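Take a look at this one chain, the form predicted on its own, written out in C-alpha cells.
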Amino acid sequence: MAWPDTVRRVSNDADALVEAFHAQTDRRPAGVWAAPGRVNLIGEHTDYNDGYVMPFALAQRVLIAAAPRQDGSWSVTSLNNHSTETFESADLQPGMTGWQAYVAGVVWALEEAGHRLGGADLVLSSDVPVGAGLSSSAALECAVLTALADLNDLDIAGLERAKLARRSENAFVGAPTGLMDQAASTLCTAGNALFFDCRTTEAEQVRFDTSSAGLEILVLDTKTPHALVDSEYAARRASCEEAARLLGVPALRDVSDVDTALQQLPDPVIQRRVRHVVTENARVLEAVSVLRAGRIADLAPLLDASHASMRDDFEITVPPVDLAVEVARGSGALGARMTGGGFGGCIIALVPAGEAERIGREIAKSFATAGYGPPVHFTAVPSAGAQRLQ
C-alpha cells in the first residue's frame, strides 16, 4: 500500500497518532490508549520461580488509536513497521508469527476467556526499544488489551488484564515469559517502583524518587540482539523447574537455606542456577526495605551483586553488557546491572544527578574501542501504567 506522508512523519504522540489514524481510515478514532515498557530495577529470572520482582514503568510507550468496525474483523496498522494486517476470529491460531501475533494473541486471549469482542481498526506507534529487554511486546499487548476493553465495555481488573496479556504471549505467541512484564505495564504508577509477589500477585507501590536523593537512573541499550523466545531462556527455566523437583519444593521461591539446598543438588550447573534465584529474591526484599526507608543510594551494592550473580551463576550476560556495566561503574555510577531476560539488551546504572549523559558517552567510547556498535542511552523516569489518553 502507499503510505500517506502524514503516516510517514508521525511521532509517538497522541495527537499525531489521531492524525495518522484519520489518514489511514478516513475517520476519527474513538480514543487513544497507551501502555509503557518497563525497566526491572531488580529481580531477574525470579518471576517464573514464584519469586519477587521490582520493575517500574518507562516514559517510553506503545500508543494505539482505535475505533470499532462493523465487519467483525480487526485491522491493525503499525507505523513503526509501515504495514497493515487484517485478521478474523477464524485466523486466530496459536503459533502465528510476525509483529501482528502480539495483537492477534490479545484478541484470542480475550475471546478464550469468554469476552465478546467486536471488530476494530487499530493504528499503533511505539518508542519502546525492541529487543532491548524493556518489554516492548508486553507494552504492545497491554495497550491493545486496554483499548479493546474500553471499546467493548469490558470490566476487567488491572491484574486480570496482566494475566490475559501474559496468556497471549505464552500460549499464542509461544514466549515462556512470567507475569512481571505485563503486570508492570498494567499496574505501575508514576514516581514508584512496583514490588510484585509473583506467587500471590500482591502488589505494592514503593516510592522511587531518585531526584530527591540527587540521583538518576541511566538506561543503556547495548544494541546487542537478544530474544526471549530462544533455547537459552527456555533452558534456564527448565533448570529451575528441575531443581525445584529435586529439592521437593513447589518453586525455588520456597528455598530458605541456599547452602543446604546446594548440598542436595549434584549438578554444579543447577547449583549455580539455584544460587542466583535464591539470592536474587533476597536482594529484591532488601531493595524494598531500602526504598521504603528512602535510602536510594543503598541500592547500589544490590545492583552490583545482582549483575555478578547473573554473570557468574545464571550465565545470561554477554561481553558488551559486562563491558557497559564495568565502564559505568568506573565512570562514576554508584551501582549497575544488566536488566531484562539476558543474552544482550540493556543495563541500568544508579548515577549522580546530571551524570547520566556523560557516563553514557564514556560507555559509547569504550564500545567503539572494543569494536562494538554504538549503544543508545536515556535517563529513565518512573511513569504511569496502561491508560486511556484521549
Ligand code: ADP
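Being a predicted model, the structure only gives us computed values, none of them experimental. So that there is no doubt, residue numbering starts at 1 and follows the sequence shown.
Missing here is the form predicted together with adenosine-5'-diphosphate (ADP); even so, the following discussion is about that form.
Okay, which stretch from 279-287, 119-127, 192-200, 244-252 lines adenosine-5'-diphosphate (ADP) in the predicted complex, with non-hydrogen atoms inside 4.5 Å?
Residues of 119-127 come within 4.5 Å of the partner.
Using a 4.5 Å cut on heavy atoms, which of V274, C188, L164, A132 is close to adenosine-5'-diphosphate (ADP) in the predicted complex?
None of the others qualify; the residue that does is A132.
Select from the listed residues S239, S78, T210, S309 the one whose heavy atoms reach within 4.5 Å of adenosine-5'-diphosphate (ADP) in the predicted complex.
By the 4.5 Å criterion, the partner-contacting residue is S78.
With the partner left out of view, is F87 within 4.5 angstroms of adenosine-5'-diphosphate (ADP) in the predicted complex by any non-hydrogen atom?
Because no heavy atom of F87 falls inside 4.5 Å of adenosine-5'-diphosphate (ADP) in the predicted complex, the answer is no.
Is there a non-hydrogen atom of W99 within 4.5 angstroms of a non-hydrogen atom of adenosine-5'-diphosphate (ADP) in the predicted complex?
W99: yes, in contact with adenosine-5'-diphosphate (ADP) in the predicted complex.
Residue contact check: T222 to adenosine-5'-diphosphate (ADP) in the predicted complex, 4.5 Å heavy atom
It does not: once adenosine-5'-diphosphate (ADP) is placed as it appears in the predicted complex, T222 has no heavy atom within 4.5 Å of it.
T146 near adenosine-5'-diphosphate (ADP) in the predicted complex, any heavy atom under 4.5 Å?
Contact check for T146: no, nothing within 4.5 Å of adenosine-5'-diphosphate (ADP) in the predicted complex.
Using a 4.5 Å heavy atom cutoff, which residues in 139-175 contact adenosine-5'-diphosphate (ADP) in the predicted complex? It's fine if the answer is none.
Going through 139-175 in order - heavy atoms within 4.5 Å of adenosine-5'-diphosphate (ADP) in the predicted complex - the hits are L140, E169.
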